[in-house]
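Shown here is one chain on its own, the form predicted alone, set out as structure tokens.
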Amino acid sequence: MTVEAQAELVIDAAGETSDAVLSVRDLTTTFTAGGQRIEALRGIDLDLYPGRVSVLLGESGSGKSVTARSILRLYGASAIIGGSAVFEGRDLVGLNEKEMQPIRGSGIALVPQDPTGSLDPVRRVGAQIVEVLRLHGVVDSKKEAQARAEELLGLVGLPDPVRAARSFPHEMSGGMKQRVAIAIAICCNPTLLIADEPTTALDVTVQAQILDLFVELTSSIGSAMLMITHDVGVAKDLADHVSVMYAGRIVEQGATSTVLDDPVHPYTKALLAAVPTPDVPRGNLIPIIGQPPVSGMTLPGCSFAPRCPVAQSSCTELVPELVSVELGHSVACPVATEFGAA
């Protein structure tokens, strides 16, 4: 999204945009295991809008998937979730399981990373879509549901929807199963579509087709979309808005063209420097030194400080807050924003 487009949004007194489908504020997720508390998320802020694609970008273990699953309240009693996630006027953090059930799949749908694990191996694909349609009351009869299932399979690009509906998952390729997972996700016309690394297991050609499909669907059904990925190329191709995550926090966020073409945070710069391009041979890539902290490990100050080339002594003392460096572009690094990181 351009700076001009952001300027047109109406900001209320709380700093939230009035047309956001989902507004997340100070979202925290803490797991308890063996008497230990693991802080997986440490204050996430997100705003998602109809017809736009937002990306959570970062290394494995940064908290991207935990963010999505915390919004959907999929962890049950195993996690303590704080903050707020207001979806269509209701704070999901305050809802119980019974209240969340009709929202999952109907209001907010999830496309999983591994469609093989999410599809029932002993049931035909069409029957699985029919079940979701009837569960959420989208159609009145089984016959109508079957026709709608075939229509959806055609919509996601399967060449013979009738045959696909009668197939078992094991009779399909990885790309076909991912399309089925997308068909299930969109069958109730969700207001928000969350895709968790949906192209990781696919070859490059199929990956491009799936990403194009997401763009088409987001535009055609008007859903907001949250894409989770570690792939900078996917973020550049797909996203209107990018939030870069590190160790359970967002360290930089803004319009894709701003964050990925003119990054400010040292971590975002390091991510981009490690991506091969036609002009930069693999042998000349600059690796990020060190290792990310163990998931849930609490470090004093900035979690990226031990790996940061511009870190100062103060970076290990205070946790940096996201501050605006220009309209629609925020960064959590006082060194970078005040002096300009190298």
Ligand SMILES: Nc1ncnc2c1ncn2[C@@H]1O[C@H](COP(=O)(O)OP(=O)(O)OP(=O)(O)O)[C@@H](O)[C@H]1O
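Everything numeric in this text was worked out from a predicted model, so none of it was measured. The numbering used is simple: start at 1 and walk along the sequence shown.
Beyond what is shown, the protein has a form predicted in complex with this ligand; the following relates to that form.
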item	value
Residues A40, E59 and V66 all lining this ligand in the predicted bound form, heavy atom within 4.5 Å	yes
Candidate stretches 299-307, 47-55, 30-38, 312-320, one within 4.5 Å of this ligand in the predicted bound form by heavy atom	30-38
One residue of N189, Q101, Q113, S167 in contact with this ligand, assessed in the predicted bound form (non-hydrogen atom, 4.5 angstroms)	Q113
One residue of E131, E197, E144, E151 in contact with this ligand, assessed in the predicted bound form (non-hydrogen atom, 4.5 angstroms)	E197
